[in-house]
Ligand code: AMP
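As structure tokens, one chain now follows by itself in the form predicted alone.
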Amino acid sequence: MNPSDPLPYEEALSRILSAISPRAVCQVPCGDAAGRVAAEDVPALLDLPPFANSSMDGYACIAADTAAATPNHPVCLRIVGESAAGHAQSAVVASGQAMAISTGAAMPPGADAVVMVEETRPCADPAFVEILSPITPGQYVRSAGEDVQKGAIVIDAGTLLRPGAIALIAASGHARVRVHGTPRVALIATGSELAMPGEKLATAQIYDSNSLMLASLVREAGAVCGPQIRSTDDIQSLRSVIEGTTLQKADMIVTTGGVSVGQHDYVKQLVSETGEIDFWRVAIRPGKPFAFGRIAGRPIFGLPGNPASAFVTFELFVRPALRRMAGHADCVRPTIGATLTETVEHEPGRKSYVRAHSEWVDGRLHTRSAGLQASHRFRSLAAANSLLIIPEDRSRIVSGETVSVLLLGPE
């Protein structure tokens, strides 16, 4: 391959991920770990449940004592006490006896089952209870360790800690958990034509939509959005922005615009002068002008200025890099098979990522173009919930064919 040729998507992604390392590990309280990634396996420090307990309000007893119970001929058992949640119980249940028990309370010694309160009724003598139906050993009993046994790994390294995982870690006895640091991303929008939404546009100006879009994508990827800065189409301005504050406040730099071959495109030149460029063109559509390199040891991604191109290249390259940096085991969105519901024409030569709308119909994913695909178009970008992948050697995909799509949005 000629060094100046655009890289295939797979090679470009491989180069990026091989250059990215997870952030440093830190230990945080479990309550602060949601959305972070476990940096190591988490073992259970105790059995779950830690002791045998009741899953119902009712009476703990010996199941064999209830074998003949019916509503017309109930079995009467003597009540020998109560086991309440949070209170230790040492009294032993013997044959012919029962102990009142609350949900979550410890099973008393001797008892091997629980009859729920709905299957009982009071006796004339309050010291006894009538059992109306038979039960089997273990009924309504949560055995010690039936969910998790002490020493078992409850969370694998690389797991995203969602609320359920936090509950499991805490229940397993951990007050704190070791996690990877959250990447902080600096966004730099280049272009003398850019103005902030809400400002009055001067002649030939446009609003900076890329910064807001990319900030949303950064947060959606689980990272922190750091400085958001605009630079004019001037290499000194861009150098000042990067060297002045950005490098002090970010683990990754993402720029938009100024990455092609125009006379005012300075991103590639600046990265080459002050750091190193790994590559700067990718054989995809949209998003061919895309740069990846390093400045002061930090990865820098130069995204195209057109909004669709910026969106697609972020999804394909920046998001996986952020996930690798955050310690995720899986960095790349999986592809899913879908039925194409319209014929799509395609210019061969580059793999295309078509903004698409996909939906499940009768258990099968169906997909179609979200609209006009020019890289400056916003409507199809807003309507897309997926990317339809068209191989570089195809000139047409016919309605009804099975295609590959990437579903977008949070996990």
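Computed from a predicted model, the values in this text were never measured in an experiment. Residue numbers run from 1 along the displayed sequence.
Not on display, but discussed next: the form predicted in complex with this ligand.
**Q** Using a 4.5 Å cut on heavy atoms, which of 159, 274, 306, 182 is close to this ligand in the predicted complex?
**A** The residue from 159, 274, 306, 182 that makes the contact is 306.
**Q** Can you pick out, from 130, 208, 278, 251, the residue that has a heavy atom within 4.5 Å of this ligand in the predicted complex?
**A** That would be 208.
**Q** Based on heavy atom distances of 4.5 Å or less, which listed stretch (216-224, 162-170, 119-127, 298-306) is in contact with this ligand in the predicted complex?
**A** Contact-bearing stretch, as computed: 298-306.
**Q** Residue-level question: is residue 326 within 4.5 Å of this ligand in the predicted complex, judged on heavy atoms?
**A** No, residue 326 stays farther than 4.5 Å from this ligand in the predicted complex.
**Q** Is residue 190 one of the residues lying within 4.5 Å of this ligand in the predicted complex, judged by heavy atom distances?
**A** Yes - in the predicted complex, heavy atoms of residue 190 and this ligand come within 4.5 Å of each other.
**Q** Given that the partner is absent here, does residue 256 sit within 4.5 Å of this ligand in the predicted complex, heavy atoms only?
**A** Output for residue 256 is yes: heavy atoms within 4.5 Å of this ligand.
**Q** Answer for residue 135 alone: is it within 4.5 Å of this ligand in the predicted complex, judged on heavy atom distances?
**A** Judged by the heavy-atom cut-off of 4.5 Å, residue 135 is well away from this ligand in the predicted complex.
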